[in-house]
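Shown here is one chain on its own, the form predicted alone, set out as structure tokens.
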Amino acid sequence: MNENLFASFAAPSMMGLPIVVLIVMFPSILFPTPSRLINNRLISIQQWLIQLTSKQMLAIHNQKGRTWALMLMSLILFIGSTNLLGLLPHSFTPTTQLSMNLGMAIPLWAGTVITGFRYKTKASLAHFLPQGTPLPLIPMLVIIETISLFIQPMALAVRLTANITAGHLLIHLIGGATLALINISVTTAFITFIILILLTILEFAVALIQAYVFTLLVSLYLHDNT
């Protein structure tokens, strides 16, 4: 119980070399490209889920926004599969690293903002100053809206990092408590183990929900700028 709780979040290395890049690339193996005329059940389910998600997420977009379909679907598949693989024992979850999440959030956010200023310049500038604002409040509101705009990628990254990290810490703590309680009270240890199983099931749901929320917010930012 005295071990470092955050040791599992340290970037892994092999022979002194970081292997984070290999871990990040690994989920792409889980989504094979169909090469047969008739797909098997696994690929059929995979394609059905992708079509269902893309149809729901792109329903609010116009033709210009739908050009981001491949990017959004790749994003939700990558984050979802990475989160799920991170729940395996002795594994590493890249999405617990704030630097990686910022590396995803900032370029996507910047792309939506640049798209808005390029194709909807007046509408994008109008977000900084709501209609009917009293004249004395104009400078303050412009500053507030500018700050809120630049906080968006930080909110994306911190939300994903905090939710995934909190879930892993809870599993670690309850798992350690279960092992410690075995020698004290088997009944209490069994109850704690049941809680651990329920929490693990919840974390599977959180892993998928956070991937969907991250992608959905990027989609909403894109919708506001196209």
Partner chain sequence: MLQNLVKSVWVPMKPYYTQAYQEIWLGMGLMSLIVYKIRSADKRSKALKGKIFASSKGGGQKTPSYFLRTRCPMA
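Numbering follows the first chain given and starts at 1. Treat the numbers as computed from the prediction; the structure is a model and nothing was measured.
In what follows, reference is made to the form predicted together with its partner chain, a form of this protein that is not presented.
Contact check for Leu156: every heavy atom lies farther than 4.5 Å from its partner chain in the predicted bound form. Its partner chain in the predicted bound form is not approached by Leu135, whose heavy atoms all lie more than 4.5 angstroms from it. Its partner chain is not shown here, but in the predicted bound form it comes within 4.5 Å of a heavy atom of Arg118. Its partner chain in the predicted bound form comes within 4.5 Å of no heavy atom belonging to Leu77.
Residue in contact with its partner chain in the predicted bound form (any heavy atom within 4.5 Å), chosen from Met71, Leu129, Ile144, Ala123: Met71. Not one of Thr161, Ile195 and Ala205 comes within 4.5 Å of its partner chain in the predicted bound form, counting any heavy atom. Here the chain stands by itself, but in the predicted bound form one stretch of 161-169, 47-55, 196-204, 60-68, 60-68, has heavy atoms within 4.5 Å of its partner chain.
The partner is not shown here, but in the predicted bound form the stretch 102-138 reaches within 4.5 angstroms of its partner chain through a heavy atom at Leu102, Gly103, Ile106, Pro107, Leu108, Ala110, Gly111, Ile114, Thr115, Arg118, Tyr119.
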